[in-house]
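Heads up, the chain below is alone and in the form predicted alone; it's given as structure tokens.
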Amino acid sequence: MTYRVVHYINQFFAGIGGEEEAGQRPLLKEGVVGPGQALAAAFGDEAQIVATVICGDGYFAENMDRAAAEVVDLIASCRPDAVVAGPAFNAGRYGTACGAVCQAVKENLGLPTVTAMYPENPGVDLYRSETYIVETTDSARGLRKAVPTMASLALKLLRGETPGLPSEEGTLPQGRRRNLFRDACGAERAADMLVRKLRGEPFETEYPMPVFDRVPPAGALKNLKEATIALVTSGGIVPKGNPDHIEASSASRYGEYDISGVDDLTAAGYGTAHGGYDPTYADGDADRVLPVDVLREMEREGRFAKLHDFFYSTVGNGTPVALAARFGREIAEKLRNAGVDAVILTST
């Protein structure tokens, strides 16, 4: 028996185009497209990619529920036995789309799914419990290594086999616990690890601890009355029409907007580009997210010297940590060069 597999990819890997084609609506192509060539080779004679479903990252991010339903309908029309999505590497919107497709396929079609991402891709935290995610490098340089692992895991699932531990399968942990029987009790194993650690010998913990990025807080302002204060937000506040086309999810950019002479972020001039929360109140009065009106009052009262002429905005919804860190560094450099003394950072 040859299993039938549908492959999901974005507009870039399909060869349609880059960001200028990110609005591509879901479409179906028979057979193999783009990285599906390597996937088909890894499947050998045991599975066949019968079709490829393609969707633009921008379209999916801005219409997640509708896009997922459209993609599932296209997949269902092919009567597949499994679905493979990606690999998405560290592309945030692509990873989120791959995860959402796998979740929708699981819920609506009951088929096994596999995708692949870099550990910092926001799609990992959003969908790790919904699908198997093969670990990749942060760029397409890792395609050659990722694809055979994806194919091997997909074939295991198609055969009805139970995958092994993440370390054995090359997948990212799903947060599930499985009972195992060991020859030695926990106390003995812990003592053995401690001895190995003290001797400088290699050992593997049974419970790896999460690593959190810790940023030391800056010192307090010495003189607030002489300070220039700037506003930065991850709440997606933008001028009407979203001129920089900041994505509603998994943002790939931030905006810099001039508010010199602006006392109030009115609904006629400002709103939010942010997905993932009800925009009604932010669109009705953007000052609820970015308090320009209150800060102007404080500026006139002499509570501080000046509100910086520009504010910076992006969307925090699903945005990769690595990109957010880069945004922060770039914005901080601009603020430092402009002589800003302190920043008020707002969210949603």
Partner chain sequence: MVKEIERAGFPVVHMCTIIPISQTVGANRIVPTIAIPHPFGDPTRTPGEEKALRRALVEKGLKALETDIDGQTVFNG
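We call the rigid core whatever largest set of C-alpha positions still superposes within 1.5 Å between the two forms. Note that the structure is predicted; figures quoted are calculated from it, not measured. Residue numbers count along the first chain shown, from 1.
The protein also exists as the form predicted in complex with its partner chain; that form is not presented, and the subsequent description refers to it.
- Among heavy atoms of Ala38, none comes within 4.5 Å of its partner chain in the model of the complex.
- Its partner chain is not shown here, but in the model of the complex it comes within 4.5 Å of a heavy atom of Arg303.
- Proximity of Tyr257 to its partner chain in the model of the complex: non-hydrogen atoms within 4.5 Å are absent; the residue sits far from the partner.
- Contact annotation for Pro202: none of its heavy atoms lies within 4.5 Å of its partner chain in the model of the complex.
- The candidate site formed by Lys29, Ala67 and Ser252 is entirely out of contact with its partner chain in the model of the complex, as no residue has a non-hydrogen atom within 4.5 angstroms of it.
- Proximity to its partner chain in the model of the complex, taken as a non-hydrogen atom within 4.5 angstroms, holds for one residue of Ala282, Ala47, Leu307, Val53, which is Ala282.
- Listed stretches are 72-80, 138-146, 125-133, 109-117; the contact stretch with its partner chain in the model of the complex is 125-133, by a heavy atom cutoff of 4.5 Å.
- Contacts between 164-198 and its partner chain, taken as any heavy atom within 4.5 Å in the model of the complex, involve no residue at all.
- Once you line up the core between the shown form and the other one, the Cα of Glu46 stays within less than 2 Å of where it was.
- Cys98 shows a C-alpha shift below 2 Å between the shown form and the other one [criterion: core-superposed Cα displacement of 2 Å].
- The Cα shift for Pro163 between the shown form and the other one, taken after rigid core superposition, is smaller than 2 angstroms.
- If you compare C-alpha positions, Phe327 and Glu62 are 3 angstroms or more farther apart in the model of the complex than in the form on display.
- With a change of no less than 3 Å, the CA-CA distance between Ala325 and Cys55 is larger in the model of the complex than in the form shown.
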